[in-house]
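Presented as structure tokens, the chain that follows is alone, the form predicted alone.
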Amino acid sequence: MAAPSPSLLAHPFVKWPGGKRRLIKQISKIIPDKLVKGRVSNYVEPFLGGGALFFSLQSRLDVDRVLLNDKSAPLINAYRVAREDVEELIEHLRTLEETFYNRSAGRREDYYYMIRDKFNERLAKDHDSTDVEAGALFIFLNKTCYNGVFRLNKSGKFNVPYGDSGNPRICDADNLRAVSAALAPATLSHKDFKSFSRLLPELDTRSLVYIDPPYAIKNGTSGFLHYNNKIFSWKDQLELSKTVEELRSSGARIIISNAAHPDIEELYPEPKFHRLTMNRSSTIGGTESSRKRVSEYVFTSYNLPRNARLEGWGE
């Protein structure tokens, strides 16, 4: 990974449910020392989302090949646009931002829904080629919708309501340029995890794979787990665990984030995997004060560093 200037280190440019921005310090503690101090042959993420771990590591790791994937075509289009057409993207976002803030607070909601309709008109387009305007609309909606949720209805249209979340920064030009530099060496794809895993090159002990799927369990009947189960089912979790076992047999160093639930423990049993519990505030909820503390599991396919159970972990 080519590191930008220290003053311009990239960070996630979209908010994504389940994002790991608040857990980066904990997860970074369990990266094997020989990868941090040596050379990484492959860095792989099948569920990229907001990319918090990738952006935090891209200045620390010396990586030959970066492979980033997410099933969401609009999300990957935004990544491709940020990498390949960042100045044009910035121009589009500045226009959207200025138009949004030049309206009275009461009329900004109307503008949001107008942009949402425009974005939905473009969703059917082919996102294998970069679409700068669609990328800009996607980022604008991410910044101004409710909690940064990306959700499609049965008709395939984005249907998240307006967020009314104060004065979000829609165009962060400096960060977008840093993002563009960080993504320069990356191969970006939008496939389901099974198709993506079949296209991976041969992995080895100097490969680092970070897997952060939607958190589905056998009977996800409440809250965000219920929504996740619609887009990533328990059957998908079972298939993923089989794929992880295949990757583990290659010797690749694998880190998995998942729900803190007995169903998930059964999928990644000891001694094949080592488990830690980490605690954070939920990113889902109307206000910061209303968000509960949640626990998540982290599994590794390798022995944990001795200090991994120290500060920042739940157990």
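From 1 onward, residues are counted along the sequence shown. Predicted, not measured: the structure shown is a model, and the values here were computed from it.
This next part talks about the form predicted together with a small molecule, which is not shown.
Only one of the listed residues (191, 206, 94, 122) places a non-hydrogen atom within 4.5 angstroms of the small molecule in the predicted complex, and that residue is 191. Think of it this way: in the predicted complex, the small molecule has a heavy atom of just one of 130, 180, 72, 197 within 4.5 Å, and the residue is 72. In the predicted complex, the small molecule lies within 4.5 Å of some heavy atom of residue 52.
In the predicted complex, the small molecule stays beyond 4.5 Å of every heavy atom belonging to residue 158. Although the partner is absent from this view, residue 213 contacts the small molecule in the predicted complex, with a non-hydrogen atom inside 4.5 angstroms. Looking at residue 273, you'd find every heavy atom of it more than 4.5 angstroms from the small molecule in the predicted complex.
Of the stretches 42 to 50, 59 to 67, 246 to 254, 262 to 270, only 42 to 50 has residues with a heavy atom within 4.5 Å of the small molecule in the predicted complex. Every residue in the set 17, 20 and 231 has a non-hydrogen atom no more than 4.5 Å from the small molecule in the predicted complex.
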